[in-house]
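Take a look at this one chain, the form predicted alone, written out in structure tokens.
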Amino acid sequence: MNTIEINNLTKTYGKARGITNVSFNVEEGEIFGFIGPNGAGKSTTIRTLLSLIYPTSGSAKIFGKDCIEFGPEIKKEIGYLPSEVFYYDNMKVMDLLNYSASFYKKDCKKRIKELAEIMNLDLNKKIDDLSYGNKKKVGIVQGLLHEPKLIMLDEPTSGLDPLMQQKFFDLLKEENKKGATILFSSHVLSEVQKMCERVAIIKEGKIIKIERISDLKENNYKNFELETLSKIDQNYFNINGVTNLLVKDNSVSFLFKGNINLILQKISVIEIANLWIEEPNLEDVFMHYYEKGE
């Protein structure tokens, strides 16, 4: 059974692009990744699913019900974390969360305290006194306090330090074990690889690929940067899997897709001063898709 069904969803803003013919399904109990660079259409898709904005054409269903027609009913079972959170500055955190809980017909006080403890959130502080990261924690607690069946996250980790990000990921995995379906939107490929089972890749408002994370990991994208002790011939790294190659004096950089052992063997015969291997950003990966026509 699908928790989310999106068919040819399109949203235009006059002549400006929003999203075009977006289609994908999210299965019940799945952690589904939705990735693309900033401005690709991730937030527009999510806001349309939440009936915060209306589609120009196409359709979307959650729990088998049309998102627009049954919007108020559906929202009772959804936890949503927007990419940016804005609150009443003079309210205390606890007062804000109690106010949020009042929209659901259940006692959320125990749950709020549990989540605040996990996220290391001070419930007695005023919103205005919180850092950006702590405001994001408020948004996380607010989105999960009613134990929703569907959790929709739009760039959820921005503002969180690495330790808190890991606590957040662990929390999401626990919610998933309890049966929650999760839609995880991000522009950070490594986050999605850690959390998700399948992923839809969107760019310029269109879905360019839907695949399993296991397949994405087999592609094994990595950014390489080398400083060598002697100049390298431009053609040395003209091999399968290497794109975005840039050679300048004793510096070499490129994006590699494939078996990392093969490229390390190639590098091992060079005298190296320094070597950096990093996760690529999504723009690099997208450039690969388009250059190769994938």
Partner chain sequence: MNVFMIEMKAHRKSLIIWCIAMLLMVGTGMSKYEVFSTSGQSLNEVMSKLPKVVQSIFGIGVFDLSKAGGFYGILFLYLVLMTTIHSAMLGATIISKEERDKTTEFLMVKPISRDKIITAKLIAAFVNILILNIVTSISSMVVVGYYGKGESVTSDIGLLMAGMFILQLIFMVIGTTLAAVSKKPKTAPAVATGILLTAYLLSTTIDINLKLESLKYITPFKYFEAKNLLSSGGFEPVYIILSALIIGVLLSATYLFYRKRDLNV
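Residue numbers count along the first chain shown, from 1. Note that the structure is predicted; figures quoted are calculated from it, not measured.
Heads up, the form predicted together with the partner chain isn't pictured, but that's what we're talking about next.
R47 belongs to the set of residues with a heavy atom inside 4.5 Å of the partner chain in the predicted complex. When the partner chain is considered in the predicted complex, Y132 lies well away from it, no heavy atom lying within 4.5 Å. In the predicted complex, at least one heavy atom of M91 sits within 4.5 Å of the partner chain. In the predicted complex, E84 approaches the partner chain with a heavy atom inside 4.5 Å. Proximity of M164, K222 and F254 to the partner chain in the predicted complex is absent: no residue of the three has a non-hydrogen atom within 4.5 angstroms. Residue K75 is the only one of K75, K203, K149, R111 with a heavy atom lying within 4.5 Å of the partner chain in the predicted complex. Heavy atoms within 4.5 Å of the partner chain in the predicted complex are found in one stretch of 92-100, 114-122, 174-182, 193-201, which is 92-100. Contact residues in stretch 119-152 (any heavy atom within 4.5 Å of the partner chain, taken in the predicted complex) are limited to Q142.
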